[in-house]
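One chain is shown next in structure tokens, namely the form predicted alone.
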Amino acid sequence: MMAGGNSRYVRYIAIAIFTLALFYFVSNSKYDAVSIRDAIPHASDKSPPAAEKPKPPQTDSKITPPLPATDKKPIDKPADKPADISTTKRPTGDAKEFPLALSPEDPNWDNDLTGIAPGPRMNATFVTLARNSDVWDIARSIRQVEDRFNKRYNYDWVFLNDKPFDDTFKKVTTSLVSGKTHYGEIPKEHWSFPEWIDQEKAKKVREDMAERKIIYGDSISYRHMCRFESGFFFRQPLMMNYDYYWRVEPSIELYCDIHYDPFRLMHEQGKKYSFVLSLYEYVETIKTLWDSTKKFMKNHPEHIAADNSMGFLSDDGGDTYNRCHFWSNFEVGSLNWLRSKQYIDFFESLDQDGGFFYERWGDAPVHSIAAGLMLNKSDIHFFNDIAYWHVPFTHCPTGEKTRLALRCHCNPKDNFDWKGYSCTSRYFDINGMKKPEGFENQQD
């Protein structure tokens, strides 16, 4: 019995010594103990682990990480209150520090096109005239513009409509644009018949054009659109914040990467108007447009530029109009020029003559005639390297080297520039410009 009791005491002492030793080792270890419960999340836990901060409640359906060098604007902006762009964050650095890279041989040419592009930004915006029903078509266009260019530059986008934009349009477009989005409703006086228009005469013109199957010949809304784009889009309150615009239509395509900022090119090279496609207008829609233009030239000779592009517009020194015009569904241009006295005088003279409703004058020939007469040749720019499609015409850059450098996916055989119905060859000729290598292979 005594031996058994002594044995138990020895075991108790040994266990006590081991326990004390283990406690000493653990308490002096350099590693912190981790609670098993804290390491394994439980469905019943109502609070996150201590290392994770609770997320604020989501108040918007759009979930986007913060964009560098830009602020996202609230979805809506009243049409009668100009947007405040003074607080927009812009990349720093002047033009000398970050020169434009127009070709792979230039400094700063970026093949990867990743991240936010360095250098200054212009006071510029994209602008789109659209209806709520255009939401998915314009979504396609926005992705084209963002993927090929604006994801690195974060320029704003102004949307204009003669009706209020609905929530779906705002949510979808805001989610796609990397810059700020602004939504404006066009005032009725900019989207209606002016008081001097004879409604009965205008109606008979539409009926006659419908019988002759002239495209958009019977459309009232198309005429309002052409008049608005000719004389009012650049005077909308939201547009008054900017100096340059890039017009984007629903359902367009951009076939090539854009390595530089076209707004900067316009500013630094002193350009006021630009294009990628040109062609002849339908003669039946503009029968008296040149008569109105000649009346304006007679009344305002002071507005005609010394080195103008009359040779692009007329084959006989201005006696008749050859119908050549720049296709205005793509434009990058100066808003200050459109808001100038010269251009406003021209538009108001045409508007009083009533041809937007008594015929079917388009904004493309109006812009083109104004640019051709009131700007010097050097003020107009052709963007060969911006590949563009709007049904039914394609501008695909001429020159294989250019297409490969810009990662273009257009078929050069589809390029409209050098076809018989294009006026681009004429533009090159009157400016004494050498046509791009390979243009002969794309002629009819």
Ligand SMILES: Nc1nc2c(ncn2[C@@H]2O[C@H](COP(=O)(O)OP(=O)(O)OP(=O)(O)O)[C@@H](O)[C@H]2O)c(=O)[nH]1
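When you see a residue number, it is the position in the sequence shown, counting from 1. All values derive from a computational prediction rather than experimental measurement.
Missing here is the form predicted together with this ligand; even so, the following discussion is about that form.
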Since exactly one of 347, 191, 358, 98 fits, which has a heavy atom within 4.5 Å of this ligand in the predicted bound form? 191
Sort through 199, 299, 221, 111 and report the residue having a heavy atom within 4.5 Å of this ligand in the predicted bound form. 221
Are any of the heavy atoms in residue 305 no more than 4.5 Å from a heavy atom of this ligand in the predicted bound form? no
According to a 4.5 angstroms non-hydrogen atom cut-off, is residue 404 in contact with this ligand in the predicted bound form? no
Can you tell me whether residue 258 touches this ligand? I mean in the predicted bound form, with a 4.5 angstroms heavy atom cut-off. no
Even though this ligand is not shown here, does residue 390 get within 4.5 Å of it in the predicted bound form, heavy atoms only? yes
Can you say which of 258-266, 315-323, 242-250, 141-149 gets within 4.5 Å of this ligand in the predicted bound form, counting heavy atoms only? 242-250
Checked 115-151 against this ligand in the predicted bound form; residues with a heavy atom within 4.5 Å, sequence order, are 129, 130, 131, 134
